[in-house]
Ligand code: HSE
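The chain that follows stands alone, in the form predicted on its own, written as structure tokens.
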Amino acid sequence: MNQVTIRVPATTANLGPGFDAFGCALSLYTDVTFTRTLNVDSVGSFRITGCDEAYQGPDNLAYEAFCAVCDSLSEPIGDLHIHIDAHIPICRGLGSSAALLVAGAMGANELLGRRLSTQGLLNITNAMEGHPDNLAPAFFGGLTASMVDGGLPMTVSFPLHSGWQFLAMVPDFDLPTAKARAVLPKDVSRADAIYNISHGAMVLKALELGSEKLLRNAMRDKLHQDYRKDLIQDYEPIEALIRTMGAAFCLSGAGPTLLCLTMDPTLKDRLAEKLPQVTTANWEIYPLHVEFQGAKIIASE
């Protein structure tokens, strides 16, 4: 095998109080094709196509992850062509960076004979990303909670009620994760820590039961959303609108995408009608469902 295409789902992290721990894979995808050739006359070259020129250098995350796996297996990178077909919006809080890391690691592992387990790939990519909240659901699919113990990520999966619909409201402006993290306090009070622990437990149970009422209350948090909302145009009026419509609301990852969870199949149309009344920004509503499989091979040769 010298070519493989990896499909990785979008992910939403945190789900309100589960800061840097909870994540869920969603039905929006990035496909990345890796073509590797070993040539004794070449010192190894690479090219990246399908994305903006700014992302075609050696700091491309798919390339970095591919190289990291090759290094871990003491294998040459070879001549490498990476083609990216991305449908996950960049810098919007839907796991676009994690998708590239997962694709790069999984692509290299497949081309090198599948010698590492998924957990091994998660270990490598988590060392690069710094937190597993997006990486874990991108690899494993579904709803996950993760922690890092002794420098290594550990992940468990949780059940979800089949009736949930995720409405991702994606604006026409981005929010780099570094900027969103910069506004967070270095220390939190004991009361705020207790608040998030209790609410996080309720989020997992509400998602299992399909309880919108419980989820509406449980998705509030004290660690990140209140600090980040000032970075996102019309955050508060949009949150108020969604809550009056009976749905649960949270920031998707670091934002600026806002996430609405509902059991009501009519909510998307009602939200699309009312959203322009509370914001002047251009928000695109993506109706999504949970992706339970996670990253997978869709072509190889």
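Small disclaimer: the values here were computed from a predicted structure and weren't measured. When you see a residue number, it is the position in the sequence shown, counting from 1.
Keep in mind that the form predicted together with this ligand is missing from the display, and what follows is about it.
Item checked: The unique member of Lys229, Arg220, His81, His131 whose heavy atoms fall within 4.5 Å of this ligand in the predicted bound form -> Checking each option against this ligand in the predicted bound form, the one that comes within 4.5 Å is His131.
Note to self: To verify the annotation, which of these, His161, Lys205, His87, Arg181, has a non-hydrogen atom within 4.5 Å of this ligand in the predicted bound form?
What the structure shows: Contact check passes for Arg181.
Next item on the list: Specify the contacting stretch among 59-67, 232-240, 248-256, 30-38, defined as having any heavy atom within 4.5 Å of this ligand in the predicted bound form.
Entry: Stretch 248-256 is the one.
Item checked: Contact flag, Phe19 vs this ligand in the predicted bound form, heavy atom cut 4.5 Å -> Looking in the predicted bound form, residue contacts with this ligand include Phe19, since a heavy atom lies within 4.5 Å.
Item checked: Ala25, heavy atom within 4.5 angstroms of this ligand in the predicted bound form -> No, Ala25 sits far enough from this ligand in the predicted bound form that none of its heavy atoms falls within 4.5 Å.
Next item on the list: Verify the contact flag for Gln119: yes if a non-hydrogen atom of it lies within 4.5 Å of a non-hydrogen atom of this ligand in the predicted bound form, no if not.
Entry: Gln119: no, not in contact with this ligand in the predicted bound form.
Check: Hey, in the predicted bound form, does Ser198 get a heavy atom within 4.5 angstroms of this ligand?
Finding: Looking in the predicted bound form, residue contacts with this ligand do not include Ser198, since no heavy atom lies within 4.5 Å.
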